[in-house]
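Shown here is one chain on its own, the form predicted alone, set out as structure tokens.
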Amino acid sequence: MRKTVGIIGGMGPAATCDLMEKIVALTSARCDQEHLHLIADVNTSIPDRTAAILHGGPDPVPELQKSARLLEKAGAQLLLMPCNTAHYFYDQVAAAVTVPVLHMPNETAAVLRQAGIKTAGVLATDGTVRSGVYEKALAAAGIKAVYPSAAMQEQVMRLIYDGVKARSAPLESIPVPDILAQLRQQGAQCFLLACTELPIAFARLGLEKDCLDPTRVLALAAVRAAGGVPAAADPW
């Protein structure tokens, strides 16, 4: 019996849609009825996670928990959070409900370990980088995390916030190839797109080679956990 999947969305709206599209694409189905039942709460009232972690901004936990409870009440039997930075608050969200919540960084680290990756370049928000959300998950899997320089990290943030969220800066104006080259010089064997806006940007730029998309990892893990039939063996 398949489980109903609930998505704690709105972080941001485009990333929520991206996850849903990937769940559909990664489900082997011949008709509507063979797809998973998805419920999404696109809660755009959830405060910015990076601002909360680094700058004392409004606490996102109450809204995250509110969405989780709403989805459980609506019938969700498995929850997903399509926001990497939000996993800093994972324990508090998971404690608010009785249904399982998949952990995107841990799922991603497991995929990298299975692929034999020893060093991964992490592209993420300042909140994810400085809070160690991915560094902890990767270290537990025996994988070294490397990051852009401070100057290049500013460009990563521009890509996320101006390029995708606000759409106020052309993606091509941001030196993404230079960021990747810098990470390769540090030994990165692959690039971890550890912010849910980044897979959207990289797809538009055509720079998906050697990249692992945690949104796709989460989507495939959700298909399996919910009892769907996966359309791919792995998320690469």
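A residue's number is simply how far along the shown sequence it sits, counting from 1. What you see is a predicted model; the values in this text were computed from it and never measured.
The same protein has a further form, the form predicted together with another copy of the chain, not shown here; the description that follows concerns it.
Only one listed stretch (169-177, 207-215, 186-194, 34-42) carries heavy atoms within 4.5 Å of another copy of the chain in the predicted bound form, and that stretch is 34-42. At the 4.5 Å threshold, heavy atoms of Ala219 stay clear of another copy of the chain in the predicted bound form, well away from it. None of the heavy atoms of Ala68 is located within 4.5 Å of another copy of the chain in the predicted bound form. Within this chain, Leu64 is remote from the site of another copy of the chain in the predicted bound form, having no heavy atom within 4.5 Å. Although the partner is absent here, Gly12 is a contact residue: one of its heavy atoms lies within 4.5 angstroms of another copy of the chain in the predicted bound form. Taking a 4.5 Å heavy atom cutoff to another copy of the chain in the predicted bound form, the contact residue among Ala139, Ala95, Ala74, Ala151 is Ala74.
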